[in-house]
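Only one chain comes next, encoded as structure tokens, the form predicted on its own.
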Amino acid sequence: MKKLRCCVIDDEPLANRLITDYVERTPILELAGSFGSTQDAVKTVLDGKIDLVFLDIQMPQLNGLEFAKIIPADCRIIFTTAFDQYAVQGFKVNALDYLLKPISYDDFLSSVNRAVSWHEMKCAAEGRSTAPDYLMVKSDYKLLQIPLRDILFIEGLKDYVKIYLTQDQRSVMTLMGMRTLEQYLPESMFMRIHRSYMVNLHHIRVIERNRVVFGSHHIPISETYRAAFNDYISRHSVALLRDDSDTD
């Protein structure tokens, strides 16, 4: 796998140097630049050749959260900050992770592994190669690997998503938006049928009254997504045609 091109943005010299050192000693990462402000980093990041940004939040003029909103869509962020009250806001702007200062190298590597997983899925999708058959999510301070075949449906709960699994397995809750998660799931297998729900098309067995039924769960099909869902169903249904020759 090719290295991830990354840059470090932090106005605190000691913190900037620490993260830069971590990047330089991590073989999978390639340092494209180290900056003391978001203004200095704008040209490098917006050129579109950066995979990952280690970004402080509290900075003068243009802070990290504001800067995160203007970076290219295929670039991801790992926030580095001394204040944990920004965590939820961070994940709203497609942050892969959130590192609280002082940052240990072990915690840094854990975030890098998450970035590597994201990048592998991105490259697979762009290359039209076989998509990964699993999903990596962070839940209860652990990184979990969930086979896609085990997912029944996904429910969006504001800043979290809840992943419901087959065979009476426990559901998994993770801090992530539906939009972000949707990028990691193959369209041939998962479909959004409601603002708050995505379903695994391979597990659909019953549809009734504009709802997909998974056991005791009844997932509504909203008006916004109904046409696309009905089109999928019609393309995968066997039409029972009446044979007039059989009638009297």
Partner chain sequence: MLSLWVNSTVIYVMDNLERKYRGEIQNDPKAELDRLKTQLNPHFIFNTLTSIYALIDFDRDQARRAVRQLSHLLRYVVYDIPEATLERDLQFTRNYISLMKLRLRPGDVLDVHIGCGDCGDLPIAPMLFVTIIENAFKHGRFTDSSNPISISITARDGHVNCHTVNPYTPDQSSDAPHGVGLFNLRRRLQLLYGDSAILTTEGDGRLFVCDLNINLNQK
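All values reported here derive from a predicted model rather than from experimental measurement. Positions refer to the first chain, counted from 1.
Beyond the structure shown, there is the form predicted together with the partner chain, which is absent from this document and is the topic of what follows.
Three residues, D11, G36 and Q58; all within 4.5 Å of the partner chain in the model of the complex via heavy atoms?
Yes: D11, G36 and Q58 each sit within 4.5 Å of the partner chain in the model of the complex.
Test of understanding: in the model of the complex, would Q145 fall inside 4.5 Å of the partner chain by heavy atoms?
Q145: no, not in contact with the partner chain in the model of the complex.
Taking heavy atoms only, is K122 within 4.5 angstroms of the partner chain in the model of the complex?
Taking the distances in the model of the complex, the answer for K122 is no, it never comes within 4.5 Å of the partner chain.
When the contact criterion is heavy atoms within 4.5 Å, does I103 count as touching the partner chain in the model of the complex?
Result yes; I103 sits at the interface with the partner chain in the model of the complex.
R235, heavy atom within 4.5 angstroms of the partner chain in the model of the complex:
No, no contact at 4.5 Å.
The partner chain in the model of the complex: contacting segment from 205-213, 59-67, 192-200, 179-187, heavy atom within 4.5 Å
After filtering at 4.5 Å, what remains is 59-67.
Pick out the residues of 19-34 whose heavy atoms come within 4.5 Å of the partner chain in the model of the complex.
Contacting residues: D21, Y22, R25.
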